[in-house]
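Here we start with a single chain on its own, the form predicted alone, put down as structure tokens.
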Amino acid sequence: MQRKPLFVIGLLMLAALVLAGCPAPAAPAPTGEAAAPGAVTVQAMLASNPREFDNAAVAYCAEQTGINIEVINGPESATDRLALYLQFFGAQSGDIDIIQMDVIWPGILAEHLADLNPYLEQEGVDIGMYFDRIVQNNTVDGALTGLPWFTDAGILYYRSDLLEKYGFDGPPETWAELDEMATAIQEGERAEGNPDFWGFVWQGNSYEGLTCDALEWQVSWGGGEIVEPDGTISINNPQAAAAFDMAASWVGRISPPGVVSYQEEDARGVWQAGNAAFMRNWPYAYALGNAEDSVIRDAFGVVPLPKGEGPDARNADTLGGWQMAVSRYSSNVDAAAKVAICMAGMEGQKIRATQGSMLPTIGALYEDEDVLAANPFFSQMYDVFAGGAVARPSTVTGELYNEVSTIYFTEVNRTLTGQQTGQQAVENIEAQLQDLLR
């Protein structure tokens, strides 16, 4: 297959964005490192604005593989990026060799992606070095659709100074303990003159972020994973209902009434202003909270999210993150796979971890001295990814995942806003999923 000139790629991208209903940006300019004149070139569509640590990793892999790597800047919105990928794949275009794939896309994109298992064997790479839960998430019908590149998971932020001030020995291990601590701290801070202080902030808006939060509540109570890996719809159970009722009880009491419309930055805004004792968010908020101008700098810590109630209670942190995937329509699948393996390999990930605080998907890097020196909090994250991370049911539901998630977060939000009980929510979700997935 003959590769089209880059300006044609830009035109295709513009057309695809128009078809997807997205505003058309200027044609993307390639960035990257040339390995050598006459070397094979692969094109990778990554984030909208590659940062210095991205460029450093690209330069390293170009040098190591002897392959030219051109980075094409994709749309900023993940939704727009997925639409663009699907436009390319629908045309079986070979103009993109490597893509950056969201953790919830394997089921949607699997038919268009190369199985990377044979290439790992060829390069002598042990798949066991990656977090198993992410590998499972990326495996569709036995094929490895993407290599875990960097990861994410929901975590609990807590004000260590306030726990000490109010006589608590450490962060909560259960939601009931969080409720107790949040109530006491909120009452105390308000009594001292801060009427804007709240016990706990999180993401309650009707969007994908609520799917992440609600799945954590549900699984922490032993309430299943919405749709199990074997396709069983498991949402309608007392534990899931109780988890949703628990969250609804926080609204207006230890959480702001407006939390039902909060997304990540809304929660972080309250937290970083010093107006919350606890926050559920992603690891990105750690560095921001410790910025020089932050009022909570050096006054907080992070731990896995609390457990629910009952014999099957456990810590549950929703898995996020991105993968390196290779288009099956690429005219250079072998070269693209080699680059993807390098980018997602030990050294490629170490560059991005030390320079950009990107969370590795390789367990050994959480013990690496250089990585820990750059990111001391990484040592607290290992247990989250090694054991507690929960994948959304995107692999099992495939191209229908977006509809599944919409049903789920819509009904949970209706519970949070008092329009229905947790039991009504799980019954409504079950009925709609049965119609969708039958």
Ligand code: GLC
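Each residue number is its position in the shown sequence, starting from 1. No experiment lies behind these values; they were computed from the predicted model shown. Between two forms, the rigid core is defined as the largest C-alpha subset superposing within 1.5 Å.
There is another form of this protein, the form predicted in complex with this ligand, and it is not shown here; the text below is about that form.
- Every residue in the set 78, 212 and 392 has a non-hydrogen atom no more than 4.5 Å from this ligand in the predicted complex.
- Of the residues 171, 256, 321, 107, just one reaches this ligand in the predicted complex with a heavy atom at 4.5 Å or closer; this is 321.
- Checked against this ligand in the predicted complex, the candidates 366, 250, 282, 119 yield a single residue with a heavy atom inside 4.5 Å, and that residue is 282.
- Across the options 141-149, 306-314, 96-104, 337-345, residues that bring heavy atoms within 4.5 Å of this ligand in the predicted complex belong to 96-104.
- Residue contact with this ligand in the predicted complex: residue 115 places no heavy atom within 4.5 Å of it.
- With a 4.5 Å cutoff on heavy atoms, residue 207 counts as touching this ligand in the predicted complex.
- The shortest heavy atom separation between residue 264 and this ligand in the predicted complex is within 4.5 Å.
- Core-superposed comparison between this form and the one not shown: CA of residue 81 displaced by 2 Å or more.
- When two forms of a protein are overlaid on their rigid core, residues whose CA moves 2 Å or more are considered shifted, and residue 281 is not one of them between this form and the one not shown.
- In the predicted complex, the CA atoms of residue 78 and residue 412 come closer by at least 3 angstroms compared with the shown structure.
- Note: the CA-CA distance for residue 212 and residue 79 contracts in the predicted complex relative to this form, by 3 angstroms or more.
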